[in-house]
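Read the single chain below, which is given as structure tokens and is the form predicted alone.
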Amino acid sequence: MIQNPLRYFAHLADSKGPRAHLKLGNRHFYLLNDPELIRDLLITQGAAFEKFPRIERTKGLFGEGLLTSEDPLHLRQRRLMQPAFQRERIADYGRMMTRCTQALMADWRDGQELEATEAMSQLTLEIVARSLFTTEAGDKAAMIAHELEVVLKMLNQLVMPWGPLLLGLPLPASLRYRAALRKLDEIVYGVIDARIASGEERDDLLGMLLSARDAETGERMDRLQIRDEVMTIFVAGHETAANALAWTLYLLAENPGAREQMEEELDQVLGGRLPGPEDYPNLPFCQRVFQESMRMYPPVWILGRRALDSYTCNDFTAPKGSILLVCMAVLHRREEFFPEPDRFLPNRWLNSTAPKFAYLPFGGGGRLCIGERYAWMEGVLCLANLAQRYRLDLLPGNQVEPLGLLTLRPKHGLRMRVSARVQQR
């Protein structure tokens, strides 16, 4: 399980069915691949659970942000932040996403070789930084990304049973982790304090966080809460989006028929002009490509809940303290929901009969990702911009394997060759 959790969870589902039980010491674990039970877990009886406790060990990074907080704070923060992700604002972000993607490609050349995961990380870093900070992007964003890389590597160890021991020892990795957290706080608080001191109101996410008021009490978020939400948005908007785009480029390279169909749609709809948020509804195949990519390689690949009391749903029971896991990387490839699950088939979404809670790239229930609309716009528009001008093909010798860490990454990276394409008018 430690060496290859994805393979282990897939084996568990195959051998023990949709409600696989595992006991480690005195703790009961259940791996769920039953959509009806997952719905009950996330919605019907969602209040009977808390997030899997090991998320506590990440609070040095996320604090009490949306990812880690529990109700009533989580509900309050979600209400405060919801206006930042309304439809009209997503359109503004979309125009910025196109500008950032075009800027990334400005230095690309026909025949160039690049590491696609790194390139998409550079792109999504710029996008989330401009969404959050507007003009404080650039150097500040690069500094945050550098320190985040150090922190995220350590977080993947902290969620293991030996995590607290590692953090308490003066090991090089632990010392780097603590130093990186201090540097992150210094950078982020510096940006927050500078904005407050300036008195300037800007129409970016940081500006929205600073001006948001509780409808009942009129209170604003304090400086610490803003810091926690900035960190959460930065990781969610950078790390997960980069992996989603990188996996999509890989799947298109491996499926030239789907890539050609997407290119035809882009040429017909856009006629050579740059894609914008107004084009999103007119690119249904591009949407299905991104949707199918997140089925096969969901960036957020697992979620967990701990039962606050004994739990019952129909004929299923779990004792108090049980951990219920939903591994989307396994659930999304169950043949009973998705025929030929290991094939990249974007058009399966034209007539899919899969239950709603068999596909959860953004979670579900009260903790459904607040940035889901933002993520869809980013995925489709960045993909449209990239595919309009270039094809990326996998270089020989690449060993492609998913690595289940905090997000689902390509373990060995994705070395690809860039080829300019001629658009059909």
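Bear in mind that the values here come from a model prediction, so they are computed numbers and not experimental data. Numbers follow the displayed sequence, beginning with 1.
Beyond what is shown, the protein has a form predicted in complex with a small molecule; the following relates to that form.
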| property | result |
| --- | --- |
| Heavy atom contact within 4.5 Å of the small molecule in the model of the complex, the stretch among 181-189, 67-75, 346-354, 103-111 | 67-75 |
| Distance check, Y280 to the small molecule in the model of the complex, heavy atom within 4.5 Å | no |
| Interface membership of G237, the small molecule in the model of the complex, 4.5 Å heavy atom rule | yes |
| P275: touches the small molecule in the model of the complex, heavy atom cutoff 4.5 angstroms | no |
| Non-hydrogen atom contact L251 with the small molecule in the model of the complex at 4.5 angstroms | no |
| Contact residue in the model of the complex, chosen from L37, I370, A48, A358 - any heavy atom within 4.5 Å of the small molecule | I370 |
| Contact residue in the model of the complex, from F85, F338, Y311, F285 (heavy atom within 4.5 Å of the small molecule) | F85 |
